[in-house]
Structure formats: C-alpha cells, structure tokens
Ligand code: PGA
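Just one chain follows, in the form predicted alone, and it is written as structure tokens.
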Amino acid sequence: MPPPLLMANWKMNLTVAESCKLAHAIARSCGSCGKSRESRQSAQIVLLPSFTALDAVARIASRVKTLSVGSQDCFWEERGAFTGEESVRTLQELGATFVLIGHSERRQLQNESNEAIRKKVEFVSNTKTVTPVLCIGESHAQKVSGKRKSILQQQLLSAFKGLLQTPLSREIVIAYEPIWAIGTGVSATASDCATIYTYLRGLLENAWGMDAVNRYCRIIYGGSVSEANIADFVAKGVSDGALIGGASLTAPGFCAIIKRVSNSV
C-alpha cells in the first residue's frame, strides 16, 4: 500500500516570499523526520502553492525525497489563445506532479462546469508525469435532502466519462470534500466518510475492476482537517490521505499533522 497522501492547498493566501518561507520550514521538518529511525517519514507530502510561487517552491521541495509539488488548476489544451490559463506542459516543466481539478471553490466562484472538469481530467490523464486530483463534494442542502450520493455519482462519472471504457493504467486521486465542511471548522465523521468512500470505490470498481482500483486509485478527505482529527481519517484506514487547507498555512500546524500521521501508520 502507498503511504498516506497529504496535500497542502495554500489557495490564494501567500506571496512568493511567504510560500518559500513556509516550504523551507516544511522541508526542514520532513528532512529531519526522514533522518530519524524512530520517526520515519510515513506520508507522501504535496505542496500546492499559487502559480506564481510554483517554480520557487518546487526547487525547495526537490531537496526532500518525500516532498513534491502540484498545481491548484490547469487548462485542457496544451497551448493556444487562452488568456490567463496555465497548460499542463508548463506545469510539468516547473516540476508539478499533481494537479487539482474541480475544486469546490472553482465550481462555485468560477462556475466551472462538469464538462470543463471532464476535459481537464481527460487531458491530464493522458500525460505521463502529472496525476489528476478530482475534487467532488455535496452541499449541506444536497446532503439533508437525500441527494448526496446522486450528486457525487454525477460528479465522479461525468469527470471520467471519456475514460471509463478503457483499462485504468495510471494513478488517479479522488478528493472527497463535502462543501459544508470546507473552512467551517466542522468536519465529517470518519464513519460517515467510510460509507461514502465505499460507495465511490464501488462506482470505480464497476468501471475498472477491483484490482485496477486498488492499484491506481486513492481517495482522500478534505474539509476542516486538523491535527486533532487527521488520525480519524487516515490512521484508521478510512481514507488514503487528506487535502488540507487552512491548517497547512503555518509550518507548526502542517508539520504537526504530518507527524501525527507518520506516528500512526
């Protein structure tokens, strides 16, 4: 089994200088952890800075074996007249090995459609070095109205629509982030997430088979993750990791999460 995947989504919170300072602190902590027999690094850590800080943070992360970087978004074409967009080719050149697709904030604030998300997932899936991280999640209203599973099914299957008829042969990550838990301080329960993960995994297995899903798919949790609750989601085998927002914006907070996971698995 691969180690837990911990992804730090810094969103639009840090300048380039601040991003570098935070990356240096995390790299020092991870480096020290990796050198200690008593505290082996037992998590794969991905930093997701802004586009402007990606190159600088990637250079810092490259010095530590367990650190890598990813992008918060991408476009579905390699090049062209798409002002303000970033191509996967450019992200690869800067060292990104993961890319978020369909984050709830982009769905809500940029009106990103399921069709746009599908195009991005398909384009990234055809690359060899960048792993797509598909974000899906339901609102509180959808949850209480009983539409939760149907919404998640729609988001998941529409994103992989063009890939479901072919064998799965490369890594994909699903980030389940209930919208009602993002930035609210109220996280989903581990048992609740376990039910959702079983449902999502079943949908994927129906398309690609159990062996392929076990080998290539990871499902992680995102939504008010902290040092206090991370073990509930990762150490108990509920999910394959976490997408962490606010708690990843300080070195002490994020490194405490990393340590908790490393000491628990």
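A residue's number is simply how far along the shown sequence it sits, counting from 1. Computed from a prediction, not measured in an experiment: that's the story for all the values here.
Absent from the display: the form predicted together with 2-phosphoglycolic acid (PGA). The rest refers to it.
The chain is drawn here without 2-phosphoglycolic acid (PGA); in the model of the complex, the stretch among 182-190, 144-152, 110-118, 163-171 whose residues come within 4.5 Å of it by any heavy atom is 182-190.
In summary, among the residues Cys30, Val69, Ile219, Val225, the only one with a non-hydrogen atom within 4.5 Å of 2-phosphoglycolic acid (PGA) in the model of the complex is Val225. Within 4.5 Å of some heavy atom of 2-phosphoglycolic acid (PGA) in the model of the complex lies at least one heavy atom of Lys11. Though the partner is left out of this view, Gly241 does not reach within 4.5 Å of 2-phosphoglycolic acid (PGA) in the model of the complex, counting heavy atoms only. Contact check for Glu105: a non-hydrogen atom falls within 4.5 Å of 2-phosphoglycolic acid (PGA) in the model of the complex. Contact annotation for Glu177: at least one heavy atom lies within 4.5 Å of 2-phosphoglycolic acid (PGA) in the model of the complex.
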